[in-house]
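Next up is one chain by itself, shown in structure tokens, the form predicted alone.
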Amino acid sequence: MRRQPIERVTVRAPAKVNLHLSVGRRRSDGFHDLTTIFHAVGLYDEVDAVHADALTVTVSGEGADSVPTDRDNLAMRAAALLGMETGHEPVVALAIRKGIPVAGGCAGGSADAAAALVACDALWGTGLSRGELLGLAARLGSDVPFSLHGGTALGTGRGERLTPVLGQGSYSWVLALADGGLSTPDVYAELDRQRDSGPVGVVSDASAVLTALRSGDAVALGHVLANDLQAAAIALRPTLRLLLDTGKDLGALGGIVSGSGPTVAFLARNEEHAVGLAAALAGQGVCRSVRRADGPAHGARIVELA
């Protein structure tokens, strides 16, 4: 049993891909009802938490300049919320190392918030249960509970109500990163505008994705990936259509805009196929860079205590 005080905690949290995302009409509170299948993949942000005299956050890694370091930062808000709810003065220095695309539809900010909750809980010895942490996560954002949960899960409500999804095997992905980011509120607003202008196709229900996951059939899964936000993301970033078409022409089993985009996730047959697909995509000049990742991955968890 550990006896000395904990001075530093490092927590790793994964990116996510929405294998299925159906979006309801805009509610009176400004949110949309969602039905989504979250899938955590092995791209990670890491958050270090150390004792300090004030609540601060620093960010390093690709896209760090675009991440706020004030109270708009979700990790900082997570630490403040945990402190308020547990009676701890929220004084901690958080250092975020970005491995998840910034503003890419992969829930990097939510991963940071989940990591901060786990890190500060350990650093301060608050001893909250996983259920209590999930409750705080839901107050921070729709994707934060899944960043804690990891694996594969069905999300309803705003996405914060989770039901684990049991599936067979693992999946190999190639994530194609477009230049720049897309604002999630802007993409939802574009979907609302499209719907106000006339009929907009709605994705099928989630049952086909669940069936493919239960059987571990990557080919079947590639055929049923679907996202209501994809058309809106393409309207705001038309080059995404070329990227999607290129990936499929190169042999991807399926491709989908991840969440609100602009990252595009391509499903490969296996790890060897993913390596070749990533290399082929990188040579086409249709995206800024590519990343390889496997899923499902674990949710936010401690990787080092000091």
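Quick caveat: nothing in here was measured; it's all calculated off a predicted structure. Heads up: residue numbers just count along the shown sequence, starting at 1.
Keep in mind that the form predicted in complex with a small molecule is not shown, yet the notes after this line are about it.
Trainee: Considering the small molecule in the predicted bound form, find the one stretch among 235-243, 268-276, 248-256, 63-71 with heavy atoms no farther than 4.5 Å from it.
Mentor: Heavy atoms within 4.5 Å of the small molecule in the predicted bound form occur in 63-71.
Trainee: Do residue 96 and the small molecule share at least one heavy atom pair within 4.5 Å in the predicted bound form?
Mentor: Close contact exists here: in the predicted bound form, residue 96 approaches the small molecule to within 4.5 Å, heavy atoms only.
Trainee: Is the gap between residue 108 and the small molecule in the predicted bound form 4.5 Å or less for some heavy atom pair?
Mentor: Yes - in the predicted bound form, heavy atoms of residue 108 and the small molecule come within 4.5 Å of each other.
Trainee: Given that the partner is absent here, does residue 101 sit within 4.5 Å of the small molecule in the predicted bound form, heavy atoms only?
Mentor: Close contact exists here: in the predicted bound form, residue 101 approaches the small molecule to within 4.5 Å, heavy atoms only.
Trainee: Contact with the small molecule in the predicted bound form for residue 184, defined as at least one heavy atom pair within 4.5 Å: yes or no?
Mentor: Residue 184 belongs to the contact set for the small molecule.
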